[in-house]
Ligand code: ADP
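The chain below stands alone, shown as structure tokens; this is the form predicted alone.
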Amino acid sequence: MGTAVEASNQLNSFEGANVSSVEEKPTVVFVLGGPGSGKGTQCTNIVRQFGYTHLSVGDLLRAEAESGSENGTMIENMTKEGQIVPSEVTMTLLQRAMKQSGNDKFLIDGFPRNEENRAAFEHGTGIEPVFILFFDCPEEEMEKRLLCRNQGRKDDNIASIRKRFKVFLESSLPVLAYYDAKGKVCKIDAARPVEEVFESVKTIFEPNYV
């Protein structure tokens, strides 16, 4: 995978291509990283500075799980086991949120979780992400962060955390490899302090910001 600077250079050359299709469809950036890698914090910073709408797939799924719907019960049970929710369910929630946002620039956080998700999104929407922002963080650091935070999440216990790590490694790495082959992965060292991480993030977004 390329460095942030390399990825930024690749994106500069990519930006000039297919301008009409980019204008016709929403701009999408997939945001990936293990649980506790700091994706959510950095997405908040990107929204504030660059005007994107942040759609956290985890938040959408948790909200649906708490709604009491039939899908919600299924989502809650699968989340407890660290399993990936079926693509059609996730896609429905995502597309609804995109339509309701009123924006045309999206950070889709925690998605695609696997190759099935990726194919379902691209085929279902006709949209390819402009790039993938990958927050790379050692498992030990992510575990420490998750255990220290106080958000009251049911899945922030050691057993669930380790299941989530395992699922991320097994399912998301092939997605990253797929997009890396297309020169679309921007890899960020996420083990550093928040401010330092965002400085690296800005070097990716600013040259390509519209």
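Bear in mind that the values here come from a model prediction, so they are computed numbers and not experimental data. Residue numbers here begin at 1 and follow the sequence given.
Beyond the structure shown, there is the form predicted in complex with the ligand, which is absent from this document and is the topic of what follows.
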query	finding
Non-hydrogen atom contact Thr41 with the ligand in the predicted bound form at 4.5 angstroms	yes
Non-hydrogen atom contact Ile188 with the ligand in the predicted bound form at 4.5 angstroms	no
The ligand contact in the predicted bound form: Val201, any heavy atom under 4.5 Å	no
Proximity of Lys25 to the ligand in the predicted bound form, heavy atoms at 4.5 Å	no
Residues of 157-194 having any heavy atom within 4.5 Å of the ligand in the predicted bound form, listed in sequence order	Ala190, Arg192, Pro193, Val194
